[in-house]
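Heads up, the chain below is alone and in the form predicted on its own; it's given as structure tokens.
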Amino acid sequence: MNAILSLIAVIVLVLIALLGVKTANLHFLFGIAVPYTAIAVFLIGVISRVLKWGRSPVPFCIPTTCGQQKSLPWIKQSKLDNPSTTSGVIGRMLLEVLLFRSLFSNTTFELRKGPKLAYGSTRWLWLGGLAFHWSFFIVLIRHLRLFTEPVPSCLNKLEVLDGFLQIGAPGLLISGVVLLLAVTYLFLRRVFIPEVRYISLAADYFPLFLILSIALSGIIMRYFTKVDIVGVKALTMGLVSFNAAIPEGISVVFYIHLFLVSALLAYIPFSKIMHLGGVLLSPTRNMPNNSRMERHINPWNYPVHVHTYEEYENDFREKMKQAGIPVEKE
């Protein structure tokens, strides 16, 4: 049901853009006003959430540990899983951000013959997540050619490298195919694995459908219904230079694509996709585990006046004697 609701929501977004441009001729709204609004919501939302997370106090040493921390000299430390220095933390963060290393260790376990407890990894999830994030990143980088004039040579080289298979005309871009396959796998995994389906909410399916729709509309524009790329470049350069105007002859598929991208941008600050900013602010990842080397004092601690039993007895000794209560000192 959650998947169906998310799919309906994305279909409604597509219909809004289709009817808005095709029927109502709201080209200015969907070509200029909506993208600017989405970018503003994205920037304000992301900055406010990051600032909110940054202000959260972390008084204790709470890194996630998977290996032996630095302790006695004759015990080998796990320097990447359990770093005690800043360089170790940077190494762990790089492996986490670039390679999703935590998905590759100790995420599953089973009891084997012996009996023996064996830990494993979710390799297919790791591979799917890695393919999705890296292909999405490359697709984003490739789209920078629409917002730059002249186009940097590095973007041209990236596109050549991305399309080295050169199947048909225009050439097949590998990042687009990998993105489509990776999103499809992540969706099917939620549908066909009962444990994952049970914990999946509409907020898990919606971004998958949204990104899938963005990829499909992009593929349709590139390989099936040609768009006026000169007009698209004029529009995107106008948006970047704050001198936007609507060129003639741009296909409605482009407006649908742009509207879905705008919806994704505006949705990011309020969704689980914000993990892209949160991973760098996670104290369980970005703190060195040096609790045996340094003493961490809670900054909220304040002097507390303690009324000891000795002081209490000194204050009420006579009354305690009169009441028959035993005292330690006469």
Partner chain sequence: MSKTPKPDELSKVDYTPPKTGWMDTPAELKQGMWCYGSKPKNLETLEFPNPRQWSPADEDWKLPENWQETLLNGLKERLDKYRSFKVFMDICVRCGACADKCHFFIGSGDPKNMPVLRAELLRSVYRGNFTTAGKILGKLAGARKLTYSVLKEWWYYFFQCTECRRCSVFCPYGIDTAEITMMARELLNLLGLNTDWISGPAANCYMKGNHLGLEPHTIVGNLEYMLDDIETITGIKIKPSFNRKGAEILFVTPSGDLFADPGTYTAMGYLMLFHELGLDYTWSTYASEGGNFGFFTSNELAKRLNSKIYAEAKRLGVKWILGGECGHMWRVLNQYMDTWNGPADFLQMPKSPITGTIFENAKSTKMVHIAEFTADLIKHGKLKLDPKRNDHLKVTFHDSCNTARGMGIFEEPRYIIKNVCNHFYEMDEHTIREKTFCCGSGSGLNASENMELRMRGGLPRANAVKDVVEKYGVNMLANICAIDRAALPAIMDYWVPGTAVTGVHELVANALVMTGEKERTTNLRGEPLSGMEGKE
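What we label the rigid core is the largest C-alpha set whose atoms superpose within 1.5 Å from one form to the other. None of these values were measured; they are calculated from a predicted model. Residue numbers count along the first chain shown, from 1.
The same protein has a further form, the form predicted in complex with the partner chain, not shown here; the description that follows concerns it.
Residues of just one listed stretch (22 to 30, 257 to 265, 35 to 43, 301 to 309) have heavy atoms within 4.5 Å of the partner chain in the model of the complex: 301 to 309. Among residues of the shown chain, Thr184 is not one whose heavy atoms approach the partner chain to within 4.5 Å in the model of the complex. Although the partner is absent from this view, Phe242 stays clear of the partner chain in the model of the complex, with no non-hydrogen atom inside 4.5 angstroms. The shortest heavy atom separation between Val12 and the partner chain in the model of the complex exceeds 4.5 Å. When contacts are judged by a 4.5 Å heavy atom cut-off, Phe192 does not count as touching the partner chain in the model of the complex. Residues are counted as partner-facing when one of their heavy atoms sits within 4.5 Å of the partner chain in the model of the complex; in 55 to 92 these are Ser56, Pro57, Val58, Pro59, Phe60, Cys61, Ile62, Pro63, Thr64, Thr65, Cys66, Gly67, Gln68, Gln69, Lys70, Ser71, Leu72, Trp74, Ile75, Asn82, in sequence order. With the core held fixed, Gln77 shows a CA shift of 2 Å or greater between this form and the one not shown. Core-superposed comparison between this form and the one not shown: the Cα of Met320 travels 2 Å or more. Relative to the superposed core, Leu51 undergoes a C-alpha shift smaller than 2 Å between this form and the one not shown.
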